[in-house]
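What follows is a single chain, given as C-alpha cells, in the form predicted alone.
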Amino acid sequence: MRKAIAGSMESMDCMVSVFERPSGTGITLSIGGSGSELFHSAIVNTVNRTLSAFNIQDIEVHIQDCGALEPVLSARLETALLRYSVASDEREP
C-alpha cells in the first residue's frame, strides 16, 4: 500500500497522511485534532478543492489538525500528494 505523510504535530500545523485506495472506491477523509470540530467544513472544502486540482478520485486522507490555517493545510496536503505521486512513479517498472 502506497502512502505519504507531510506536516507535524506542532502548534499551528497539521499532519496529513494519504493512503492508496483501489480504483473506483472514492475518497475517504478523517479529521481529528484541536480544530477539527470548529473548522470541519472549512477543512473538508480545502481537501476537496486540493484533491480536485490534482484530479485525484481514489484516496484515503487523514488529517490531524493542530490549529493550522487554510494555506498551511493546503500546502501540507499538496506535499503529501506530491510525495505519494513520487512513490507511485518509483514503483513503475
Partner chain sequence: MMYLPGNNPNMLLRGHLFRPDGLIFDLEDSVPANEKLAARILVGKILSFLDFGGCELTIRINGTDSDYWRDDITAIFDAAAANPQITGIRVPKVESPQEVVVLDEMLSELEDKSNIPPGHIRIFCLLESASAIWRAFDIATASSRVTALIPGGEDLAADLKTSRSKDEIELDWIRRMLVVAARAAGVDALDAAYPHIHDLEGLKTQTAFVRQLGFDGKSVLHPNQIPIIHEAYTPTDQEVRKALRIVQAAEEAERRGQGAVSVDGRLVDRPVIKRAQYLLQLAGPMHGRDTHDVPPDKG
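Positions refer to the first chain, counted from 1. As the structure is a prediction and not an experimental result, all values here were calculated from the model.
Omitted from view is the form predicted in complex with its partner chain, to which the following refers.
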| property | result |
| --- | --- |
| Ser74, heavy atom within 4.5 angstroms of its partner chain in the predicted bound form | yes |
| Any non-hydrogen atom of Glu20 within 4.5 angstroms of its partner chain in the predicted bound form | no |
| Met9, heavy atom within 4.5 angstroms of its partner chain in the predicted bound form | no |
| In the predicted bound form, residues of 64-84 near its partner chain [heavy atom within 4.5 Å] | Leu69, Glu70, Pro71, Val72, Ser74, Ala75, Arg76, Glu78, Thr79, Leu82, Arg83 |
